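In the block that follows, a single chain appears as structure tokens, in the form predicted on its own.
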């Protein structure tokens, strides 16, 4: 593995593909952190295994597990899923596995962004995050790809969505938050994204999903389904605080054009009814920084937009809500060549994210 510091992906002719383009595989991390995953993580691990098995139908899945969880992971996962021992602070592969880029010849490289647990000491979610911050480089070594060193710029994979044709979508709430790159202007942040993703247009949605602890990652509110088309998390309940947030994003998208000058076609993806954490679930979580991780009745950032696009499947969350089936039907119509697999994901959601957050495609 070569660590590249003297150039950028754009300068070298590498770009980040859209998630709907073909993958070599997918990276996941086996969960165990006691202040993220209730009651020892047993239910969460079962859900992670279901996700891994669904993705593995059409692409190679690699699961990273700690020394303490390696035997459990190997026993729970089928033999065609690779398990490697690799330390981490938690299990959010989307946010600190590498962002992979490729050139026209098919050569793949990784981008190693800085990670500070979604806000560092300003408003981050845990400390330390040192093991997470080393994972991108370790994974590039494991996969035998060169890596661009951009650890001086804080960015999570869940905070960006690209169309593979020059457009990147982000939220202002996240990328302009004080805990990430406060010394940089919006224009300077755009310049970094353009250089390292090889895009020419940044779409700045104003916000994300209410109560999203990541400062409202874009991958929970809006996602590209193909160039020029997105799904947007939506509610018709005007009394829900999310209504104005989703409406603000829709208003922005209706006026926006992408890097190719196309108007953005928006498909509304319904949200489930508000999902709140129970007292029993809270009782199964360790404290974090001498404070309860969750409080009974706390609203979780549930969204069907948090799905993973594998080579032959869409792996999406379900919440036991009447909207589950409607959301699945919408995604199936948008991806007719892929089978939509819906997995009950409450036990992932309690940890703070969902299926897209626990996966990272290897192109």
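Note that the structure is a prediction, hence the values are computed from the model and not measured. Residue numbers count along the first chain shown, from 1.
The same protein has a further form, the form predicted in complex with a small molecule, not shown here; the description that follows concerns it.
- Residue 148 falls outside the set of residues with a heavy atom inside 4.5 Å of the small molecule in the predicted complex.
- Using a 4.5 Å cutoff between non-hydrogen atoms, residue 214 counts as a contact of the small molecule in the predicted complex.
- Remark: residue 17 does not count among the residues lining the small molecule in the predicted complex, judged by a heavy atom distance of 4.5 Å or less.
- At the 4.5 Å threshold, heavy atoms of residue 38 stay clear of the small molecule in the predicted complex, well away from it.
- Checked against the small molecule in the predicted complex, the residues 125, 266, 256, 195 give one hit for a heavy atom within 4.5 Å, which is 125.
- For the residues 100, 113, 224, 118, the 4.5 Å heavy atom test against the small molecule in the predicted complex is passed only by 118.
- Only one listed stretch (73 to 81, 88 to 96, 187 to 195, 202 to 210) carries heavy atoms within 4.5 Å of the small molecule in the predicted complex, and that stretch is 88 to 96.
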